[in-house]
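Read the single chain below, which is given as structure tokens and is the form predicted on its own.
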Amino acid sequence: MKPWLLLPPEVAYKMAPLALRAHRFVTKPKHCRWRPLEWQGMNFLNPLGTSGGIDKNAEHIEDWWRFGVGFQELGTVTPQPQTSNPGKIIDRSNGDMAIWNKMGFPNLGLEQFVKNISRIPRPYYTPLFLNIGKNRWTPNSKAHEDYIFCLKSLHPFADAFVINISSPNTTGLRDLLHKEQLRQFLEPIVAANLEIAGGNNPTPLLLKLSPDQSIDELGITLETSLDLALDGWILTNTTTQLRGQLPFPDAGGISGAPLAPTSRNLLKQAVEILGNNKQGKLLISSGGVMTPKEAFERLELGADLVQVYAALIFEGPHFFAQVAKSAVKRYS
């Protein structure tokens, strides 16, 4: 029984933080250790984590640790606070196990994010990846400035940064993935990250990719990333290409089960394109991971880590424990 699926999507979305807090009093922390990983000094008890958008303001880090996550992606955070896009911002199709959103990086801003995350003592129980973005009013020509501002403010708290230029809900943001703009955008960010670290051991930078890129575009993006010594990629964000097939508005992005074939295929293509260049880089698969079996398949296709979002809406936060239970049978 999943009573939250009987609620209107926006009501369930607003109530979810309250439900998480309530679990503090009834849920014992789960230590789900399976297929552990060490990467760049980070230790992952397991390879399954939360996606960006689940904890936008770093308010529920300890709550998610209670459910056995292997890592968390927090944000997207922008330099200044901003509200959601106008109108309807979230919907779901229970029959299709699909989620639609048109949020557009709503968050309380960098200052509040820092206040929240600074309450969590190091060493963290699991790695924390901080997803950074630009405010919607910042033009693309100055977008790198917003990302660098976030890097500088969040450097003490990040195990890795996720550079998010693949959301379809900030007008023009995905243009930064185009060949003509990508290098120009990334170069100053990479340089600033190195400078912040004093030239040694900079915080890893991960680029979050769109599922709507062609294979040729994916290859160019990966090649540019390698040239600039980025540390890894997240495949993928939400898609705009399923709107006509599902009962959602003609805008926004879609995630959940219908996205699985696309994200799975892009993972396969990325592994093939990278070849030996994959060594030392982190490849994270996200999009349509709705079952333990799907999570395991992504790992076996070459992903180092896997993320979930929609699965937590349809299955609840105990999904991490369910996957861990299945993993014991599969990998022991």
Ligand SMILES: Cc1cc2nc3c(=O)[nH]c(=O)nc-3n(C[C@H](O)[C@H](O)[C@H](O)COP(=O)(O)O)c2cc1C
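Note that residue numbering follows the sequence shown and begins at 1. All figures in this text were calculated on a predicted structure; none of them were measured in a lab.
Missing here is the form predicted in complex with this ligand; even so, the following discussion is about that form.
Undergrad: Should the three residues G75, L259 and G288 be counted as contacting this ligand in the predicted bound form, with contact defined as a heavy atom within 4.5 Å for each?
TA: Judged in the predicted bound form, G75, L259 and G288 all sit within 4.5 Å of this ligand.
Undergrad: Which of these residues, T170, S210, N164, T221, gets a heavy atom within 4.5 Å of this ligand in the predicted bound form?
TA: Residue within 4.5 Å of the partner: N164.
Undergrad: Answer with one of F113, F248, Y147, F105: the residue that has a non-hydrogen atom within 4.5 Å of this ligand in the predicted bound form.
TA: The option sitting close enough to the partner is F105.
Undergrad: Which of 231-239, 120-128, 177-185, 134-142 has heavy atoms within 4.5 Å of this ligand in the predicted bound form?
TA: Heavy atoms within 4.5 Å of this ligand in the predicted bound form occur in 231-239.
Undergrad: Answer yes if any heavy atom of S225 is within 4.5 Å of a heavy atom of this ligand in the predicted bound form; otherwise answer no.
TA: S225: no, not in contact with this ligand in the predicted bound form.
Undergrad: Determine whether any heavy atom of G53 comes within 4.5 Å of a heavy atom of this ligand in the predicted bound form, and answer yes or no.
TA: Answer yes; at least one heavy atom of G53 falls within 4.5 Å of this ligand in the predicted bound form.
Undergrad: Is L154 close enough to touch this ligand in the predicted bound form, meaning at least one heavy atom pair within 4.5 Å?
TA: Looking in the predicted bound form, residue contacts with this ligand do not include L154, since no heavy atom lies within 4.5 Å.
Undergrad: Report yes if any heavy atom of A310 sits within 4.5 Å of a heavy atom of this ligand in the predicted bound form; otherwise report no.
TA: It does: once this ligand is placed as it appears in the predicted bound form, A310 has a heavy atom within 4.5 Å of it.
Undergrad: At a 4.5 angstroms cut-off on non-hydrogen atoms, which residues of 82-103 are near this ligand in the predicted bound form? List them in order.
TA: Heavy-atom contacts to this ligand in the predicted bound form: I90, I99, N101, M103.
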